[in-house]
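Quick setup: one chain, the form predicted on its own, written in structure tokens, and binding and motion questions come after.
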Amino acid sequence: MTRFTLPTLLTLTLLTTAAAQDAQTVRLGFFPNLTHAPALVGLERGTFQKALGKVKLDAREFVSGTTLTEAFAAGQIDIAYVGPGPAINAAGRGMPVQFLAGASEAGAVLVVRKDSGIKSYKDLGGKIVAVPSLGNTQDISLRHILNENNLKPKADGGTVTITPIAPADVLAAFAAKRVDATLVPEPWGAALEAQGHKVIGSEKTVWRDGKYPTTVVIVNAKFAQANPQLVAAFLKAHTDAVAFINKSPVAAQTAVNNQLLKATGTKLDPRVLQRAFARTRFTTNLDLAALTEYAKLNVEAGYARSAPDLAPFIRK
């Protein structure tokens, strides 16, 4: 398994003068999910803004990787936390994207409504399954699960209806019986489970025994070229946020909960967060082998004609 450790931009920083630092603002994209905990912790503790100094941090919340990459393509985002699916799509479409670091692994579960009658993946036939958005990481993973169980989405002539619902809204969708199941990032899976709904696909059975990236950090390549010191400073802050999460999980859970409350209006029971944290790993490493496999799943799902060579998109 090939893994890239967190890139250091020291050489570029030393070779680039301060005059190259054109940006007055760093526009950061993220989601209000536990899988984006390094972003939430960095925001809550002020780690990012402190690292950027006088340069303003403009943090922008998104509900899915699909909408975030649209903003990225429009030049509205400089650095982002995003799932591997949309990031790989961006690379395949020729966007000026570079992978900076890993952020989280695993941390997504397939939950079914307690009265749905679904007991296994094979029972998803004829059901309505929610994902954060079409084309996002969980959507691509769900389509692979269906393929492995001889099922197809309705759009491909099958019987499974895949519908996009923002993760924070999936609790209401379950309560209203608008969907039968969801493949959702944490902490929303644990929140559903706390309401009595059932996990039939754990973070380990969704794919690769849980050894897969759920969130990566990407940067606009043009922004990185013009502002290497800012990118280096952000990466250092990201590393600090990941280290804090792994060293001080209780404090990190409080920080995450505070940010979730600000973003979604929902404050979760600490026991829910503990369960969600247990299903998620936080790391700065990028697993190129897993990303390459994911690119193939992207093709399998019909979102790309071919899998791009991702090695050139890893910022070293």
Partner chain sequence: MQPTRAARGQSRWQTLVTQLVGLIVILGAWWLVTDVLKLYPPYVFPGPKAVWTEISYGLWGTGPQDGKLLSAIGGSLRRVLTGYVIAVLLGVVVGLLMGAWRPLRTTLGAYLTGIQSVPSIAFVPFAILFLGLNERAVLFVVILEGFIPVALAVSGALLNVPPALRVAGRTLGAGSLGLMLRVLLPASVPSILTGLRTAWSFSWRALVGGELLIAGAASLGEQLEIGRNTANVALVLATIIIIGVIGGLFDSLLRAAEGRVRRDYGLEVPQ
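Treat the numbers as computed from the prediction; the structure is a model and nothing was measured. Numbering follows the first chain given and starts at 1.
Only in words, not in the display: the form predicted together with the partner chain, which the text now covers.
- The partner is absent here, but in the predicted complex a heavy atom of 165, alone among 124, 165, 112, 109, sits within 4.5 Å of the partner chain.
- This chain is drawn without the partner chain; in the predicted complex, the residue among 156, 209, 169, 148 with a heavy atom within 4.5 Å of it is 156.
- Across the options 238-246, 100-108, 87-95, 193-201, residues that bring heavy atoms within 4.5 Å of the partner chain in the predicted complex belong to 87-95.
- Put simply, residue 119 is far from the partner chain in the predicted complex: not one heavy atom of it is within 4.5 Å.
- The closest non-hydrogen atom of residue 70 lies within 4.5 Å of the partner chain in the predicted complex.
- When contacts are judged by a 4.5 Å heavy atom cut-off, residue 66 counts as touching the partner chain in the predicted complex.
- The shortest heavy atom separation between residue 138 and the partner chain in the predicted complex exceeds 4.5 Å.
- Residues from 126-153 that approach the partner chain in the predicted complex with a non-hydrogen atom closer than or equal to 4.5 Å are 133, 134, 135, in the order they occur in the chain.
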